[in-house]
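First, one chain by itself: the form predicted alone, in structure tokens.
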Amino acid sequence: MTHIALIGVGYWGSNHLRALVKLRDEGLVTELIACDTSEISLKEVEKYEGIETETDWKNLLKDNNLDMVSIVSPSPMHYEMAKEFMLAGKDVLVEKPMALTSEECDDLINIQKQTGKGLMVGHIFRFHSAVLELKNMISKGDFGEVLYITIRRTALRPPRKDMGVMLALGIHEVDLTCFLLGDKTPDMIFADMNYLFDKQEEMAFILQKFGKTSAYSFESWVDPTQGKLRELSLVGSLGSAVIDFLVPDEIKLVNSFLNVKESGYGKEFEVVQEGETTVKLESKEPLLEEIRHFIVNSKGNRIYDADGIIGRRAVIMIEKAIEANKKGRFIEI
């Protein structure tokens, strides 16, 4: 028996709801409760049969039949909800950011250790087919030495009121680059941020240094030039790759590089161009796989690919990047 509650049925919560219904149809979920303070949001639940609804999440703390929760509430509520549900004996999947400060993250990790309950953070790109294949290719040395990674995430949309692009978007990128490079933590981080309309930053450039490898990320809610853009490119000494996150089941490989030769005159460079190929992958929905991973491992060893330690590190990196922006220099991690 797996009894799970979804806390928050807004824009992203409705996607969690759809995924949970699929997992219920597969038999992985037995009972499902949807909770939201908005009656309008709960109307979304009426599309599906057999789902209980609740308007006060605190009532669910007393539900002894409830095994686990998926928290997709506004980010400022993540800490309190994750804390209370673990103390109430529930396994917790909480959307990123895990909390708004590293101190709150520390507290959640301590509570997780005290209670022995599960704590997983919604870093969804760790479950993206193209990302997993790219990570596998990097680990095999297919690209040689990774020189740099570039990620661009842009659109034209109203800014969020609760947070800027660093915690809303950049936190994905800083975790993703760590994940691809063997879950390493960067040596240093820097950010350049712009506040155009309000107290929250609407655009930001983040630079991470992993030894000789650099990772560049650009986030913007105010870019009308390219539509909705979600793209990652990796450049290596023996080849490169491009992922379009809006096309989850393929990777484009660019088989071109600089061949370096030593001669009596020093280094000579030969441009090697061997064309491009597209690798097709099995199509899997990252969110569905993320929630499946949470449920299966909560029923098992409670070891997750994106645990509280991973979630805490991402928040710390954003904090350090914001500090670097204020000081105008790289900050060591």
Partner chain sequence: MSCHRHLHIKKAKDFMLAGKDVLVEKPLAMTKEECKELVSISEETGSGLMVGHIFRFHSALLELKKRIELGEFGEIHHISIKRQTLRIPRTDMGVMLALGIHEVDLTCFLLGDKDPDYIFADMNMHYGKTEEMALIIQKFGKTTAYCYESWVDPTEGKLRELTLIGSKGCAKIDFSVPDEITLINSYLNVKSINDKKSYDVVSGGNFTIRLDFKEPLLEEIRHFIIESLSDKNYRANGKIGSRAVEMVEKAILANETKQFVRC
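Positions refer to the first chain, counted from 1. Because the structure is a prediction, the values reported are computed rather than measured.
Quick note: we don't show the form predicted in complex with its partner chain, though the next part is all about it.
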The one residue among Phe190, Phe125, Tyr79, Phe179 placing a heavy atom within 4.5 Å of its partner chain in the model of the complex is Phe190
Contact with its partner chain in the model of the complex, heavy atom within 4.5 Å, among Val247, Ala88, Leu147, Ile109 goes to Leu147
Closest heavy atom of Val235 to its partner chain in the model of the complex, within 4.5 Å or not? yes
Report task. Please check if Pro159 has a heavy atom lying within 4.5 Å of any heavy atom of its partner chain in the model of the complex. Result -> yes
Q) Does its partner chain come within 4.5 Å of any heavy atom of Arg152 in the model of the complex? A) yes
Tell me, yes or no, whether Asp223 is in contact with its partner chain in the model of the complex, where a contact means a heavy atom of each within 4.5 Å.
-> yes
Within 4.5 Å of its partner chain in the model of the complex by heavy atoms, the stretch out of 117-125, 165-173, 204-212, 89-97 is 204-212
**Message:** Let me test this: is every residue among Lys22, Leu28 and Thr101 within 4.5 Å of its partner chain in the model of the complex, going by heavy atom positions?
**Reply:** no
Checked 230-253 against its partner chain in the model of the complex; residues with a heavy atom within 4.5 Å, sequence order, are Glu231, Ser233, Leu234, Val235, Ser237, Ser240, Ala241, Val242, Lys252
